[in-house]
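Quick heads-up: it's one chain on its own, the form predicted alone, in structure tokens.
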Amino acid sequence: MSTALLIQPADLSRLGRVSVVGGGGFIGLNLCQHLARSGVQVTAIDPNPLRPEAVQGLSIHHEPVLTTEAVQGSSVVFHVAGSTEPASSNVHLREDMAGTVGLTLDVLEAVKAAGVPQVVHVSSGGTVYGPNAPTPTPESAATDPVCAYGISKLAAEGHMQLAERMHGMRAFNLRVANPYGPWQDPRRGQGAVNAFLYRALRDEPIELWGDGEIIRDFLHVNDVVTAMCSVTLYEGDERVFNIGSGAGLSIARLINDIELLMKRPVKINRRPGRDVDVPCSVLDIELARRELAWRPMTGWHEGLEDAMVWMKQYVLTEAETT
């Protein structure tokens, strides 16, 4: 049994059955766990098998291919799948577009064909707004992405809105900040918190791009999951929500807090700053507080320690045996 933080199961019984596209990934796996513990019938749609240690004892049905049949009978389809990350998206433009916009169109086509009444898409709060956005950034701020990932996410949001106008399903875009926590594989290079923890625990140097003064809005995955569940019960008219911690932390502070947690200094490889990195990204979450009655519940130090405990239990032991 994982020693990671567990979300208290909510009363989500009215959802009946749901499907999670990307259910084998970081956010998807955490979402599937929470929904299954809450008594919801869950279908995880992912080409990769689900990690058995993550779904042990939980009733989660796995479908390897996204089809109309796979989502049939669902009250909600959660779309949390993607194929690229912000740092590499400018190099792999076509892959990023296909893995974000193309996949979103596939999801919407299946949702329409199956008559699913609601779809929830995880977008990016860290990349769609751009470098000149006010801080904290409200949903009404101008969008000005500086990387292909943000451009693709914004296009996917537009197709969600178009699908609602054309076909009537309720389509939500959640602009999630910088999530971290259990089941985010740090070896993939996405997610500063988990990636830095992993390298520090292995006594390997952290790759620091720039001077460390970049500000990010780090959010524990448990709080992402509760926001996604909250929006399924929402009956109002808003369709785009920022989901973040509501506070910013510098990359230098992240490294310092990892050192405090580990009680030793970490090694650092210093590299020049990157154009794809927005200098400051902190989301205004007042709309989600007001409309969804949602707020983040996991404190920063509590969440950081939780990520480290999970990593020691599942990732480091696995790395040592391979």
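Sequential numbering from 1, following the sequence displayed. As the structure is a computational prediction, the values presented were derived from the model and not from experiment.
In what follows, reference is made to the form predicted together with a further copy of the same chain, a form of this protein that is not presented.
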Query raised in the report: Using 4.5 Å between non-hydrogen atoms, is Gly158 touching a further copy of the same chain in the predicted complex?
Result: yes
**Report entry** Met97: touches a further copy of the same chain in the predicted complex, heavy atom cutoff 4.5 angstroms
**Finding:** yes
Query raised in the report: Looking at the partner-bound form in the predicted complex, is Met166 within 4.5 Å of a further copy of the same chain by any heavy atom?
Result: yes
Requested in this report: Answer for Ala113 alone: is it within 4.5 Å of a further copy of the same chain in the predicted complex, judged on heavy atom distances?
Outcome: no
Requested in this report: Sort through Leu105, Ala133, Ile251, Ala195 and report the residue having a heavy atom within 4.5 Å of a further copy of the same chain in the predicted complex.
Outcome: Leu105
Requested in this report: Tell me, out of Cys229, Ile151, Ala200, Val120, which residue has a non-hydrogen atom within 4.5 angstroms of a further copy of the same chain in the predicted complex.
Outcome: Ile151
Query raised in the report: When a further copy of the same chain is placed as it is in the predicted complex, which of 229 to 237, 200 to 208, 142 to 150, 73 to 81 ends up with heavy atoms within 4.5 Å of it?
Result: 142 to 150
